Ligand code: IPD
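A single chain, nothing else alongside it, follows as structure tokens in the form predicted on its own.
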Amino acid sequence: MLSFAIGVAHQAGRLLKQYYTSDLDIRTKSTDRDLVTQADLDAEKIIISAIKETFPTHAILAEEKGQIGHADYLWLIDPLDGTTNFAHGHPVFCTSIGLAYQGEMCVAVILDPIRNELFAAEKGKGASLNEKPIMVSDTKTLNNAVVATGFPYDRATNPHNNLKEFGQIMPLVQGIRRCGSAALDMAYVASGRLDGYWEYHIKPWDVGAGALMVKEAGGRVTSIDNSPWRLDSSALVAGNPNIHHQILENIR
């Protein structure tokens, strides 16, 4: 299943690279800030078709198509995480594919097609970047940490828009990054490029693959109340064990 996910991610990645250098049909979804392109739709079609052909009894939860079927095995698909970046020609985006079995993540693949970086993880077998093992950082304190976060599309009208939490963390850290791709943020935590990450109003296809990756790389992933992160959790904190705890304490 991991090999399958890697193969289909590469197929989607090649398509995204083709679209990236062409004129895009850009539309909006829930708000003027929530974009979707033909690249999102076509990449998702490739992944869904491959899953249906190879694993016809499995269920799928995709960003654009939603839930398809119900089964113990559930594929989580974000064909283009970082659509706003993609639409503006900013080269920070990826394809994220995860597989859950009875609600527990077991396979994860995050592909950055621009940098040709493939992050992968399998439950109980560790995490890797381009087939080399990765681990979370060993940063001990927030003042030495670089962390990441994100903001909801309806941040102008939603009072719970993460600005208060951002203001709380910002003075305490070496830096905060807002990369625009939750999946890559999680992959970067897993590989030690970031020390921690938090975000509200997220979906399982955004961070499901990354959650397994961080755990398999030695990190911690929980909800805001410090309970284990689940597929139906609406918020997430991830990081190496030290930084995870300190982010959690400050945003709570």
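Don't overthink the numbering: it's just position in the shown sequence, from 1. The structure presented is a predicted model; accordingly, all values stated were derived computationally and were not measured.
The form predicted in complex with the named molecule is left out here; the points below concern that form.
- Using a 4.5 angstroms limit between non-hydrogen atoms, Ala182 touches the named molecule in the predicted complex.
- The named molecule in the predicted complex comes within 4.5 Å of a heavy atom belonging to Thr83.
- A residue is said to contact a partner when one of its heavy atoms sits within 4.5 Å of a partner heavy atom; Tyr73 fails this definition for the named molecule in the predicted complex, lying far away.
- Among heavy atoms of Asp206, some come within 4.5 Å of the named molecule in the predicted complex.
- Contact with the named molecule in the predicted complex, defined as any heavy atom within 4.5 Å, is confined among 98 to 106, 143 to 151, 129 to 137, 113 to 121 to 143 to 151.
- Taking Ile224, Ile46, Ile202, Ile68 one by one, only a single residue has any non-hydrogen atom within 4.5 Å of the named molecule in the predicted complex, and it is Ile202.
- Exactly one listed residue, out of His88, Lys164, Arg178, Lys125, brings a non-hydrogen atom to within 4.5 Å of the named molecule in the predicted complex: Arg178.
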